[in-house]
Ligand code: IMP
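First comes one chain, alone, set out as structure tokens in the form predicted alone.
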């Protein structure tokens, strides 16, 4: 099945093409400005998928993801990309987050990354798949691979307790997006849509 990816990000298009190489044909689309004002990853993924479907009239795959902090549930989550917009880089945002933990004198570093995929085939056929990576927030930046908050996130199940940024290959195969992709692939196989 051919699907439009609700993103114009070349890196994301390439990543999804690799992830779905045996099950979906991923097509790149022109960027559409979508107001992501949902209250959950599910709602925001749905908003993006619906907007692209209405423009292209073809099946769409969208995703929404972010880092959720147990100690500070209102800081990141669905607002992960919009945290501290005055800071130019994610490195600066990561440092600001470390400082926030220190300033608040909080010792609860439990966190998780969530990725929600929305497969929008038609208005009556909309499916969601979620992948979650449990972990902890590091109090130092670790590694130079990956992007976003990867240098701060240490997944619980990594055999060497490395951050996503220290082992991006492990993240690609075992992270939250990979888990959501596996759920979607399982659905496609069972529904015989791939």
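From a predicted model like this one, the values you see are computed outputs, not experimental measurements. Numbering follows the first chain given and starts at 1.
In what follows, reference is made to the form predicted together with this ligand, a form of this protein that is not presented.
- Segment assignment from 26 to 34, 136 to 144, 123 to 131, 61 to 69: heavy atom within 4.5 Å of this ligand in the predicted complex: One stretch meets the cut-off, namely 61 to 69.
- Message: Counting any non-hydrogen atom inside 4.5 Å, which residue from 106, 87, 96, 81 sits next to this ligand in the predicted complex?
- Response: By the 4.5 Å criterion, the partner-contacting residue is 81.
- Query: Is there a non-hydrogen atom of residue 166 within 4.5 angstroms of a non-hydrogen atom of this ligand in the predicted complex?
  - Reply: Taking the distances in the predicted complex, the answer for residue 166 is no, it never comes within 4.5 Å of this ligand.
- Item | Distance check, residue 149 to this ligand in the predicted complex, heavy atom within 4.5 Å | Output for residue 149 is yes: heavy atoms within 4.5 Å of this ligand.
- Item | Any non-hydrogen atom of residue 185 within 4.5 angstroms of this ligand in the predicted complex | Taking the distances in the predicted complex, the answer for residue 185 is no, it never comes within 4.5 Å of this ligand.
- Message: When the contact criterion is heavy atoms within 4.5 Å, does residue 179 count as touching this ligand in the predicted complex?
- Response: So residue 179 does not count as contacting this ligand.
- Query: Heavy atom within 4.5 Å of this ligand in the predicted complex: which residues of 1 to 31 qualify?
  - Reply: Contacts from 1 to 31: just 12.
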